[in-house]
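In structure tokens, the next block holds one chain alone, the form predicted on its own.
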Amino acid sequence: MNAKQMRKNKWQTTIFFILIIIVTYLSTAITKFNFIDSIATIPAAFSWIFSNLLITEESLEKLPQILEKLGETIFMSIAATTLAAVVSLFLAIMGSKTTKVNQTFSVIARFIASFSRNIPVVAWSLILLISFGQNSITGFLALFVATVGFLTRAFIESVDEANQSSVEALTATGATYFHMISKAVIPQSLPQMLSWILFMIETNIRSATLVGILTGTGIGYMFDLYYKNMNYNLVALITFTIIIAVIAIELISNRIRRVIL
């Protein structure tokens, strides 16, 4: 790299940091955010947490009901993710440059992925809430639609990264389109796809709590109910079970990833 290029990179970095500082300052000014006051409230916040969010013997009596709702949330997240993975695989095959049938299907598949991915799962929950009301179907569909967008994009990239030589070899031998997909593309892309599916299961279990608050289902509903009733002992227990479940699932997911990759 010559001196001119180094000076150019230095100026670009300097300008970038200046813009970040300006945007940060404008954001704090517009929102009237005071960093010093926020830091000063931290001791009071921790004091409230340790004095109110305590798990008591009385709250433990509700543990079976909490675990039931937590299980409902986890299974809903897994079901939404796995069904979305099937749809996403089809869309990815249609949208990938390696396996697309024609340009029209490719554009449609990429548009569906982009549209559903760029709308947050919370927004999908509110949109579907109007149509389906507060029930588990609304939460399931919100997670499903958001997951389809993310996984389709991830699967397209996985398929595009597949080794072209095996695809060309099968095509040269007269293999059909479906043979090429099943014998060359899917086997190469499957480990990466499974990794993305596991990632989305983890993400959806976290998101399902917030979705449950909005749609009145699962562990999110229980959290919202007891929080509004100011029953902070049960709120603490629910929060603790969610944290334990997320950590356990993440550990299991990481172990599976190490095996398949």
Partner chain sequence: MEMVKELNPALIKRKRNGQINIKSGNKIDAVVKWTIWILTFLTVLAFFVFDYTGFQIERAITETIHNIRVMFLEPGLSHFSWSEAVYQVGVTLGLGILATIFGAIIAFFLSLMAAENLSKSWLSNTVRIVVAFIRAVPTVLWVLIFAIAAGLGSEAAVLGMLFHSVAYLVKAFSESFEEVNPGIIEALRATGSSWWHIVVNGVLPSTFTYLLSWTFLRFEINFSVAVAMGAAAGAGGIGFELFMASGFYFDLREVGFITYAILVVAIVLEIISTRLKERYFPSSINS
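Fair warning: this is a prediction, and the values are worked out from it, not measured in the lab. For clarity, a rigid core is taken as the largest C-alpha set superposing within 1.5 Å between two forms. Numbering follows the first chain given and starts at 1.
Below, we refer to the form predicted together with the partner chain, which is not included among the displayed structures.
A.B. asks: So in the predicted bound form, does any heavy atom of Ile18 sit within 4.5 Å of the partner chain?
C.D. replies: Outside the cut-off, so no.
A.B. asks: So, in the predicted bound form, is Arg153 in contact with the partner chain at a 4.5 angstroms heavy atom limit?
C.D. replies: Arg153: contacts the partner chain in the predicted bound form.
A.B. asks: For Thr28, is any heavy atom within 4.5 Å of the partner chain in the predicted bound form, or not?
C.D. replies: Because a heavy atom of Thr28 falls inside 4.5 Å of the partner chain in the predicted bound form, the answer is yes.
A.B. asks: Does Thr24 reach the partner chain in the predicted bound form if we count a contact as any heavy atom within 4.5 Å?
C.D. replies: Residue-level check for Thr24: yes, a contact with the partner chain.
A.B. asks: Taking a heavy atom within 4.5 Å as contact, would all three of Leu83, Ala123 and Ile137 count as contacting the partner chain in the predicted bound form?
C.D. replies: Heavy-atom distance to the partner chain in the predicted bound form: all three under 4.5 Å.
A.B. asks: In the predicted bound form, which residues of 73-89 put a heavy atom within 4.5 Å of the partner chain?
C.D. replies: Those in contact are Phe75, Met76, Ile78, Ala79, Thr82, Leu83.
A.B. asks: Any CA movement of 2 Å or more for Asn34 between this form and the one not shown, core superposed?
C.D. replies: It does, since the Asn34 C-alpha is displaced 2 Å or more between this form and the one not shown after the core fit.
A.B. asks: Please check if Leu19 moves between this form and the one not shown, taking a CA shift of 2 Å or more relative to the superposed core as movement.
C.D. replies: The answer is yes, as the C-alpha of Leu19 shifts between this form and the one not shown by 2 Å or more after core alignment.
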